[in-house]
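Given as structure tokens, the chain that follows is alone and in the form predicted alone.
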């Protein structure tokens, strides 16, 4: 049962432009506008008009919201603070929410951050139903499957609503509030021979379940299982191919083997102690995973960080962009049959990690950013370490271009292979280098500058063909631009504190702990319990190593998040594989997987 109760119309003069456009077009629909701390216009709509409203936003509104950036749910049954919620008609209370986060690239570029809208539906009952929107956005398929998997919300009209992250034999819906969050709340796990056989049988691929035929009039098709541990699959990822000879007729990507419940963990960790978990999402992104999370929480708390913190965050994030892209560079070459480049690139990657370790004390997972600042200030001698790396890396890139970008074999294997255009990329939710390789000049560091990026000079690398080769060249140039950004940080590092002077900064600066009893108590509570964040919703997105990464967090006025939603770029990128690869050859699939540059922890969370 959904919320179709009449509401008091919003006042057009007090709301964002897109909300006024909605009220002008749908005057008979009662919208409820919910102000949020994240700055994204949020509108509750009745479920009966959902598809009509979303179609208007995608196809009819000026500067349309062409990309479905995210879609998921919230279990509202234990929520106390419901300011801005609609009133639900009929018996019961507002039990669940489904939200749709849309992005207008044109508006974002024009207004530096005005390209978002979040549409919400209020649902009642233990098994709520909403209409599927897979007919509007193809990438809604996986998002709706995940929302059903985690919350038990049924999407009517979905072509194949089934588990996606959890095994097909799983019982219950893990992100519901009545589902245990700790292993100690379950009975001890036992895996006997009978259960092993049952689990293995559940993994058997049945082509008919996916609309595939086993044969044509003249021949049988072959079904090839790639993964979930094949080296070419780049992690615990399985893809089942329907083949006619070596031609790929269709395929089914199968994910979830790396799922660790990162969003569920957010409900039992304090705001502060959740930071190390973010490092393990895109485990090649390091502190870049921490950045959208801490900046979202700083919005929630009303914290303004010092200029020095902003620049240090940019510098260290760009270091991790370089290390991630170097790994992409090396494994890309390896997947195409070259051995030497991966050894050279791992050597240079270690040089970057030497600088990261000297600054943060760790290499891959520093957990170094903090709510309100950094774990510590830059160490003595950091300038020399950074300068040494830049002096080494910049000429090294020219060697990589000769070995890779200008390599005739690589060009033959990748040009015009696994192509897609910008319209398809936007329709499937592709961001990052995969989108820019189609010619779309969209980079959040330029379109929606954060952490002081508006003060930096750098170019956004673009291509036009949208094939495997273009995705290589875009990332190759991004390494050079990251070096350029880091050099500007080196030459223009502001002085000042490494933490904000704010009561919700966590933990508070240690040097102020023993000044008086108030600072001692604040420090004790911040470390033991964690800060108590104001009730509300917050959101922040960054241009991460693989595309747009965002955190959408809900606070119910507690020391922990009520709901933490992590939007990762790799999830929609893998969903697009069948669309791209149909009609091409098996070796082309390996080149495509290499060019996507995904991490399975980023997909499965």
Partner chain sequence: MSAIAAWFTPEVIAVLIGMVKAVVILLVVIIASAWMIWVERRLLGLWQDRWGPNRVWWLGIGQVVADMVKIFMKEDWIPKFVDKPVFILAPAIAMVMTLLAFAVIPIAPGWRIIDLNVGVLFFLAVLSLSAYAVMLGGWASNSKYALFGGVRAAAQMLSYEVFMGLAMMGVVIQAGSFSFDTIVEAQTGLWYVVPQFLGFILFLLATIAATHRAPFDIPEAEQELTAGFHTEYSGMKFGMFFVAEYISITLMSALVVTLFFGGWHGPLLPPVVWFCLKTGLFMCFFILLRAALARPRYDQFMESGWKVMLPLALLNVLVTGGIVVALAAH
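Numbering follows the first chain given and starts at 1. None of the values given here were measured: they were computed from a predicted structure.
Just so you know, the form predicted together with the partner chain exists too; it's not on screen, but the next bit is about it.
Is residue 245 part of the interface with the partner chain in the predicted complex - any heavy atom within 4.5 Å? Answer yes; at least one heavy atom of residue 245 falls within 4.5 Å of the partner chain in the predicted complex.
Even though the partner chain is not shown here, does residue 396 get within 4.5 Å of it in the predicted complex, heavy atoms only? Yes, contact at 4.5 Å.
Is residue 590 a contact residue for the partner chain in the predicted complex, using a 4.5 Å heavy atom cut-off? Flag for residue 590 set to yes.
Contact label in the predicted complex: residue 335 to the partner chain, heavy atom within 4.5 Å: Result yes; residue 335 sits at the interface with the partner chain in the predicted complex.
Select from the listed residues 465, 455, 225, 160 the one whose heavy atoms reach within 4.5 Å of the partner chain in the predicted complex. Going through each option in turn, the one that passes is 225.
Partner-contacting position among 367, 119, 103, 410 - heavy atom within 4.5 Å of the partner chain in the predicted complex: Flagged contact: 410.
340-348, 471-479, 110-118, 282-290: which one contacts the partner chain in the predicted complex at 4.5 Å, heavy atom to heavy atom? Partner-contacting stretch among the options: 340-348.
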